[in-house]
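Only one chain is included here, represented as structure tokens and corresponding to the form predicted on its own.
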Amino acid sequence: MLSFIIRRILVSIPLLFLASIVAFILVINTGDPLEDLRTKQPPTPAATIALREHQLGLDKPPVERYVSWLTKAIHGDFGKTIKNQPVWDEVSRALGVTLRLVLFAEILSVLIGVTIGVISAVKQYSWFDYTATTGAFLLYSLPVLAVGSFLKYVLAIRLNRWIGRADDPLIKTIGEGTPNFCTPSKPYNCGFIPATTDFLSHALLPTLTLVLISFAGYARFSRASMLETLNADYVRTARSKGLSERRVILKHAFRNALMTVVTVISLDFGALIGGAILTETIFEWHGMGRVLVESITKIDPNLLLCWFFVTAVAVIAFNLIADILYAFLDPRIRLD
């Protein structure tokens, strides 16, 4: 197993290198970061523009810019934003915000979705199967914007009014935390329980939005994969040997059905690290999704490159985790 993991890690290194080249080519062709400065009225002095080009490395040939950026990035230096702030400070803060949202939401989505999908497959054509399949299909087809807006209005605005908490809402609709929540003037807010309560009040709606959208997809994939596995020859053989239905489903069918589901989950999870863009926008969370939008809008090359790099690392890392899970689920893979 160790040699299998090492081989997968070695394969991931050139993939990350190629991803960085593609990202760099895309970023340097997004536009001119100094366009506002060049078109500003009255005209900006040429010396000022030349200084900013030098600070951002725009005065170098593309190959030299890429080598310089990659060399510094390997050592943890991703440069400065167009506002002259450290890029990594901005991205690391946003990454922490996104992880707090995505981790819990994905765990719930996977547990609920896989459980419903497996039960639907085992009880095919039952009332549970029809209900779960219809519900999953409807939720999977709904846009994130519609789900988020509906929850924001019904579970927050209407509910807070109904319980008399319109001025001090129990369920928050904006931001990942209350500004200035823990200050010297409010020492009672600085404990673990108040901080956790404040976070949960802000995280409830965006987490529920992601869970409703994601679990529906996992339920559909799990059901399809489980149905295919239940009809396989080795499952019929296991039944013919007299094994209990519980043992057949859990040990023989479910374990092999997870192969397809693991692929979907790993790709989704890696992509979500790059930011749940619509969800973060609806609820005004300043995570990786907002960093992407702002870096494109403001044409901030170093910030955008760092976002690409972190997202590529996340996708490759979770694909590596998926490969390891494949080897755990199917010993034939690690023995090849």
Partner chain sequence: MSISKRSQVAALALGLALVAGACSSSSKTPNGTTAPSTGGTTGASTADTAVAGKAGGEAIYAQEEEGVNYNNSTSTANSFANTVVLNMLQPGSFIIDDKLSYVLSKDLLQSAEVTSSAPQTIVYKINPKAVWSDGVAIDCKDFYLAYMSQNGKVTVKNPDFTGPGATDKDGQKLPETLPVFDAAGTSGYEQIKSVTCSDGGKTVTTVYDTPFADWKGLFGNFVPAHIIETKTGVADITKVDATTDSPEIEKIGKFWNTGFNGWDPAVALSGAQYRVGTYTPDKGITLVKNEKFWGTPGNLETLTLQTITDASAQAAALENGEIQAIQPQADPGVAATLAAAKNVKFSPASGLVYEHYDMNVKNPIFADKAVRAAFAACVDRQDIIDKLIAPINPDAKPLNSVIFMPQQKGYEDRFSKYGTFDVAASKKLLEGAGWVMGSDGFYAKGGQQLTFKISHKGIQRRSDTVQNTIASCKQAGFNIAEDSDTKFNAERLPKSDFDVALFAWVGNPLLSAATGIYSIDGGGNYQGYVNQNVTDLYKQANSELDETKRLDLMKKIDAAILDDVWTIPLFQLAEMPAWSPKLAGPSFNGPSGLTWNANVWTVS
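Numbering follows the first chain given and starts at 1. Between two forms, the rigid core is the largest collection of C-alphas that superpose within 1.5 Å. Since this is a predicted model, take the numbers as computed values, not measurements.
The protein also exists as the form predicted together with its partner chain; that form is not presented, and the subsequent description refers to it.
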Pick from S126, N180, T196, T134: which residue has any heavy atom within 4.5 angstroms of its partner chain in the predicted complex?
N180
S120, T173, S109, T207: which sits within 4.5 Å of its partner chain in the predicted complex by any heavy atom?
T173
Can any non-hydrogen atom of L70 be found within 4.5 angstroms of its partner chain in the predicted complex?
no
May I ask you to check whether L278 falls inside a 4.5 Å heavy atom distance of its partner chain in the predicted complex?
yes
Given that the partner is absent here, does P169 sit within 4.5 Å of its partner chain in the predicted complex, heavy atoms only?
yes
Using the partner position in the predicted complex, report whether S141 sits within 4.5 Å of its partner chain, counting heavy atoms only.
no
Just one of 209-217, 262-270, 146-154, 112-120 has residues with a heavy atom within 4.5 Å of its partner chain in the predicted complex, so point it out.
146-154
Using the arrangement in the predicted complex, list in sequence order the residues of 281-298 with any heavy atom within 4.5 angstroms of its partner chain.
T281, I282, E284, H286, R290, V293, T297, K298
For L58, state whether the C-alpha moves by 2 Å or more between the shown form and the other one after rigid core superposition.
yes
Rigid-core frame, C-alpha of I299, shift of 2 angstroms or more between the shown form and the other one:
no
Does the C-alpha of T30 move 2 Å or more between the shown form and the other one once the rigid core is lined up?
no
